[in-house]
Structures are given as structure tokens and as C-alpha cells.
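First, one chain by itself: the form predicted on its own, in C-alpha cells.
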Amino acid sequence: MKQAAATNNNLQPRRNRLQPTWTGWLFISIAVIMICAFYFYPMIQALLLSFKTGTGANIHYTGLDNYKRLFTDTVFLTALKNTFLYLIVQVPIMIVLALFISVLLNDSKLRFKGFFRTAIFLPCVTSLVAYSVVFKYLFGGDGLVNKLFMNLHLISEPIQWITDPFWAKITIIIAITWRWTGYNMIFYLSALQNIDSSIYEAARIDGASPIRQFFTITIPLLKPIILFTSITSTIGTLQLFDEVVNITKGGPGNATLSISQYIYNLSFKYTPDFGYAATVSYSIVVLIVLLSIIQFKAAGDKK
């Protein structure tokens, strides 16, 4: 009898722990309702809208017509090509640059580290519109960049950074690299500070050079962070909008048009076609999923 009573007493706290706490569920339910109302519900409505066409009250279902239109839409294909160009060129440069800077700023012998870290991180907290407008004037035909290059005798005539198709793309790539390098640097810097210094000391005792330490210790240990920043940078580049709109307006002749700007044009600039705009927006979703899977596979992450 005493053993049975003791067993019942031991089971009682467990039963109490398993009982739902309505206060906790109340707080969770508020968050769930807000997320469903402002996140999942619009996503579902946008998906349903992508199967429709028309304007105003005349909108109606057309099946997969909008998705078939994607493959014959020359403007969309141009925007897709431009966005992939930004992705392929800018993201690797930014990741390598952020990693290189973080290693330099993690040096214990470096003075004024706080100042340099703050200075490099500041661009990513500036206003998207404000910095885009500044870049537009800096890289204008008579902007500071051309004047500086001409004073240094690097060029004989101004470069048309905004109006030339090639240089306009370069300007966009420079702008987004300048803004987001510091953002990725913070992740690498945080990860580097969590690496045990004894690992590097052991490598130095074994005669490993700094370059070999970087490729055999730093890179493998930073692999999860590199994968994370690569995926987030890919998502951000596929959603590129502010820089293109404010610096080049998608020109010249759609040479810098991004997918997000094309969605905006379909919705508010051209004759409103919200159904097809939703279809184009879901093309970004598909691209993000596919590229994320590829990056996970390339990194050898099985989870």
C-alpha cells in the first residue's frame, strides 16, 4: 500500500505538468492568429489569384494560362536574366568580401576594431531609398565617381554608369554589395569569435600557415554560417527592388529590370493585371525553393 501511494505521488506531478496551461495557449493563439491573418492567408489568396485574370469585378479563373504566359513573356524573361546575373555575380563577391573582412576584424592585434566594425555595418541600416538616390548622383554622368576617375587620369571621358546597359548593371551590383556586405560580415564575425583559439594555436604549433589555417579550420567551421548567408543573400537578390527602381528605373530599355520591379509594373504602372503579377511573384517562390535545395545539396547538408 505504501509503495502504491508513493507511486501515485510520483505520477501526480507528471500529470500536472501534462495539463495544458491556458495562459500559455492564449499567448500562442494570438501569435498564431496574427501570423495566419497577415502571412499565410495572403499567400493562399495570392496563389488563388495567380490562376485568375481580368481587372476589377471582371476577374475570373483561367487555369494555368498565366503560368504558360511566363515562358513566352519576353519582358519577364529579360527580368529573370537580369536578376540571375545579379545573383551569380554579386552574391559570391559579397560572401567572399564579408568573410575576408570578418577575418581581418577578428584579429586581436587590430586597433580601433569597434570603429571599423561599426563603419562597415552602418550601410545596411541606412534607408534603401536614401542610399539609392545617393548612388544615383554619385554615379551620374557628372557625378563624383567620374570626376575622381578623370582627375586620376584613369578615364578620358565620363562613364555612363546609369544610361549604358552594361555599366548600369555594374552600378546596381556595386550598390547592393556596398549595402549588404557588412550585414553578412556580422554573422561571420560572431561565428569566428565562438571558435576556440586553442585550435589555431595547435595548428600553428604543427606549422600550418595562416592561409592553410583559413582553408582547413576557418572555412569548415563556418560552413553552416556560409550556407545561411548564401541562402538569405539569394532570397534578397531575387527580391531586388529598391535599388533598381531608384537608381536606373529598370533602364535603359529594361537592361536592369528585376523580377520584383516587373511585378510592381504589372500591378500599378501598366494596365493592372494582378493575376499575372501574382503568377510572377510565385515564380520567385519557386526559384527560392529550388536554389535553396541546390545550395543545401552543394554544401552536403543532409538535414
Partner chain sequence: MKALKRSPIYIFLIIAAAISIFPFLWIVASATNASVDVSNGRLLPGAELLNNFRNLTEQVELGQALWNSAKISVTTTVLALLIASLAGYGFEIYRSKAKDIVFSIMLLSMMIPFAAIMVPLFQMFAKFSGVLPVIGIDTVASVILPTFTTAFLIFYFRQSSKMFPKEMLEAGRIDGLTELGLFFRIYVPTMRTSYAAGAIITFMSSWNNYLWPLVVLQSPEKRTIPLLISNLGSSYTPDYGMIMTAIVISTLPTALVFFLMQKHFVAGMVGSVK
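Numbering follows the first chain given and starts at 1. These numbers come from a predicted model, not from an experiment.
The protein also exists as the form predicted together with its partner chain; that form is not presented, and the subsequent description refers to it.
Using a 4.5 angstroms threshold between heavy atoms, Pro42 counts as touching its partner chain in the model of the complex.
Proximity of Arg69 to its partner chain in the model of the complex: non-hydrogen atoms within 4.5 Å are absent; the residue sits far from the partner. Its partner chain is not shown here, but in the model of the complex it comes within 4.5 Å of a heavy atom of Tyr137. Residue contact check for Thr118: one or more of its heavy atoms lie within 4.5 Å of its partner chain in the model of the complex. Contact with its partner chain in the model of the complex, defined as a heavy atom within 4.5 Å, is made by none of Asn146, Ile219 and Gln295. With the partner omitted here, the residue from Ala208, Val75, Ile93, Ile225 that has a non-hydrogen atom within 4.5 angstroms of its partner chain in the model of the complex is Ile225. Distance criterion of 4.5 Å from any heavy atom to its partner chain in the model of the complex singles out Phe100 from the list Phe100, Phe84, Trp167, Phe214. Only one of 84 to 92, 159 to 167, 195 to 203, 122 to 130 places residue heavy atoms within 4.5 angstroms of its partner chain in the model of the complex, namely 122 to 130. For the stretch 274 to 296, the set of residues having any non-hydrogen atom within 4.5 angstroms of its partner chain in the model of the complex comprises Phe274, Ala277, Ser281, Ile284, Val285, Ile288, Val289, Ser292, in sequence order.
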